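Take a look at this single chain, the form predicted on its own, given in structure tokens.
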Amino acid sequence: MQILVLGGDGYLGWPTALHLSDLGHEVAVCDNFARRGYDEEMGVESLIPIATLDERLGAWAEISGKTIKPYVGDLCDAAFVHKMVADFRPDTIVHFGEQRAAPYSMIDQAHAVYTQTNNVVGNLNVMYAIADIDRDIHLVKLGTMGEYGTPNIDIEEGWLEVEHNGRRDRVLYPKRPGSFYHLSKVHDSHNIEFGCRIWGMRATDLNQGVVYGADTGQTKLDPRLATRFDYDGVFGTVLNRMVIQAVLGHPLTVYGNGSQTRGLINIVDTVECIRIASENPADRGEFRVFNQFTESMSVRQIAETIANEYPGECTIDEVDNPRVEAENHYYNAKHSRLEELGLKPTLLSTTLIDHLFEVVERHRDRVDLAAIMPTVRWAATANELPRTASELAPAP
């Protein structure tokens, strides 16, 4: 199978490309290196040193005997996207190529506009390239569980059966995202579903939970194949960030009371989910949605798990929540469809956490502790942040 991975130089895109190549697929990657540019802007580097894309591709060819074709360009450049798709002629396009951090999108107006323009326009260009060149190309799009927000009803996998005034219909599950980044993903989902209706596109929307972990089977083969590991308050994901805090003797920082519940997924399961979705494509005209996570935990449960597993002293601190979000909320999200297609979940375990402790210990001299604490606030002051679902609910 010919698979084009957009955002193939990133935290998830790079190991996904390696995983698919290792399994025998012909793989190409596309990136404009914007993520590396954010490092320069934020003044923080990946905990794990990462090689250049050319060095990574050379190392993979040396180790595996397989080649991955690179395309360097911006998805917001429609001509570039069309030329790339026409040149590689993929069976599947895996789309990781977007600005991925909620805090980054909330820094100010410029960052919000950039996030939505970059993500929505880039995705539209990919859709039009598929429509113009080959509508049998299967689009596997990385969305986020954050599209749903925290509704007071069960979260289905993308669609909802509703009854209203005696009539029934199947509609896209209502979205209530919590940042301009998450909103950009909602726009993507709606645009792709529209493309499936009007052009007969094949699409799988993967609403992914919070990813943790540092390695896959392929990235461990050589230091030049390593993927990035973010820990800062803007791009770092919660479990990875707390592991670093534990190793450095810093209190584990819980936003608010820590009762916010999220779906989690190990990076090894992320790359396998992409493989499963790619090898089992959606039908023509089908907008298929999978909720891509393997277990749910509250932020406080994550902190307590890490504190209990860390062999040294480890404390937990509550800090003002910089986000406008419900802390005490109902959360029951369905996530069965990928398992029905063969996913064998990798659940959080002592072994996995111990491995992360070891990774951080090896690179602890690269940590900038000042970068860990949150600096971006959704509201003007922390005291203005609502604390419960009822406070967030609109007035009747």
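So that there is no doubt, residue numbering starts at 1 and follows the sequence shown. Everything numeric here is computed off the predicted structure, so don't read it as measured data.
What comes next is about the form predicted together with a small molecule, which does not appear here.
Contact with the small molecule in the model of the complex, defined as a heavy atom within 4.5 Å, is made by all three of 100, 241 and 260. Checking 195, 158, 209, 281 for any heavy atom within 4.5 Å of the small molecule in the model of the complex turns up a single hit: 209. Proximity to the small molecule in the model of the complex, defined as a heavy atom within 4.5 Å, holds among 275, 202, 182, 111 only for 182. For the chain shown alone, residue 120 is not a contact residue for the small molecule in the model of the complex, no non-hydrogen atom being within 4.5 angstroms. Shown alone here, residue 126 lies farther than 4.5 Å from the small molecule in the model of the complex, counting heavy atoms only. For residue 309, no non-hydrogen atom is located within 4.5 Å of the small molecule in the model of the complex, even though that partner is not displayed.
Mapping the unseen interface onto this chain, residue 93 falls outside it, with no heavy atom inside 4.5 Å of the small molecule in the model of the complex. Contact with the small molecule, judged by heavy atoms within 4.5 Å in the model of the complex, is confined among 127-135, 214-222, 85-93, 232-240 to 232-240.
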